[in-house]
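Single chain ahead, written as structure tokens, the form predicted alone.
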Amino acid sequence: MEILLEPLEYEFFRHALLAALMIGALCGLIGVYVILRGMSYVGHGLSHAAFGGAVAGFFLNLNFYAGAGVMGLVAALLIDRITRSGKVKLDAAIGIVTTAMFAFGVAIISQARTSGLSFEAALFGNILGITHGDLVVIGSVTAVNIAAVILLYRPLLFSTFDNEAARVFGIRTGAVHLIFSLLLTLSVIASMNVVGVTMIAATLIAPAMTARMITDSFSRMLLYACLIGAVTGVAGMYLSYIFNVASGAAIVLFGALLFCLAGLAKLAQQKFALSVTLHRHGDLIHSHPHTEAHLESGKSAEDEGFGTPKPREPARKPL
């Protein structure tokens, strides 16, 4: 108990712990949609674009969040505009737009010849330097994302799994996608001071993928991802204090460890489920291979939104 209470005596650690808790839950929540939409590369790309904006904002005497926010939002809008026609794939648009903006920031640094300035905080995170103002920004972004997910739960759900069907049912999928891109951008910008540009993608993906290993229910996946992200942030902070390592790296490594453990647990569960399908008929022992759907006793993924339900054959009337 002493090792848990000792670091709380320091104000900077309390600020960092609260920031890690909120960022973990935020990235877990938004990360569910990121992986299910196949947008895992987007978080990584937007963080690079935001870095270019942060550098430009610094030399224009702007606030860190102002420069990063403007550039990140511009990148999200450009990517959405370029991919709307369907001629340019999403990964190609991300690679072109975000890398160009990152290079823009690097060019400004090299042109200014400010070798004494350090942008390591933006690249690798500086969670121990979190201020009260940073906590307000992180808390506001977290609240906005939670409120948006609650209010737009069904449109986000439909457009995530079947964009064409959602459009048929009258959902403005273009607007929903744009709103989600903006939410993701805000999440990336709020996370930069915590884990840095280089590790934001991992904080978005790891909690959501771990939750995906645990459940096939979409609603439970959202809840589990938030909890796993929050626990990862808090545990990573304590591990960084105990082993004296970088906080962002400790958070990412602990998240990766949870993902590995969840994968091993799922594999062991599947092997155990297959082993109990052995049947004995007298002296004959044999087994029937069962599909994953037969092995699970709860609701299937189709019942919870994962996949499109298969049509049932109409009942035949007797002749």
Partner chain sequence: MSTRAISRLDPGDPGTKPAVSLTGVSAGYEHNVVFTRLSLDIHAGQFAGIVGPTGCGKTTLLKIILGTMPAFSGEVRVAGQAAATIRPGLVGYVPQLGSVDWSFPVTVEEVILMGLYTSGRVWPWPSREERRRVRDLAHRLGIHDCLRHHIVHTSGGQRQRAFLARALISNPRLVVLDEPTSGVDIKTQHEVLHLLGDINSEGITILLTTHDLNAVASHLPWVICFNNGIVAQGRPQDIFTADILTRTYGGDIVIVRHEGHFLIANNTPLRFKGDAQ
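Just so it is clear, the model here is predicted, and its values are computed rather than measured. Residue numbers count along the first chain shown, from 1.
Just so you know, the form predicted in complex with its partner chain exists too; it's not on screen, but the next bit is about it.
- Listed residue that, although its partner chain is not shown, lies within 4.5 Å of it in the model of the complex (heavy atoms), from Y153, F124, Y238, F104: Exactly one residue meets the criterion: Y153.
- Query: Since the chain is shown here on its own, which stretch among 125-133, 169-177, 195-203, 89-97 would lie within 4.5 Å of its partner chain in the model of the complex, judged by heavy atoms?
  - Reply: Selected stretch: 169-177.
- Flag E164 as yes or no: does it have a non-hydrogen atom within 4.5 angstroms of any non-hydrogen atom of its partner chain in the model of the complex? Contact check for E164: yes, within 4.5 Å of its partner chain in the model of the complex.
- Item | Heavy atom of T142 within 4.5 Å of its partner chain in the model of the complex | Contact check for T142: no, nothing within 4.5 Å of its partner chain in the model of the complex.
- Message: Can you tell me if S217 lies within 4.5 angstroms of its partner chain in the model of the complex, counting non-hydrogen atoms only?
- Response: Yes - in the model of the complex, heavy atoms of S217 and its partner chain come within 4.5 Å of each other.
- Query: Could you tell me if L36 has a non-hydrogen atom within 4.5 Å of its partner chain in the model of the complex?
  - Reply: Looking in the model of the complex, residue contacts with its partner chain include L36, since a heavy atom lies within 4.5 Å.
- Contacts with its partner chain in the model of the complex, stretch 41-68 (heavy atom within 4.5 Å): Nothing in the stretch sits within 4.5 Å of the partner.
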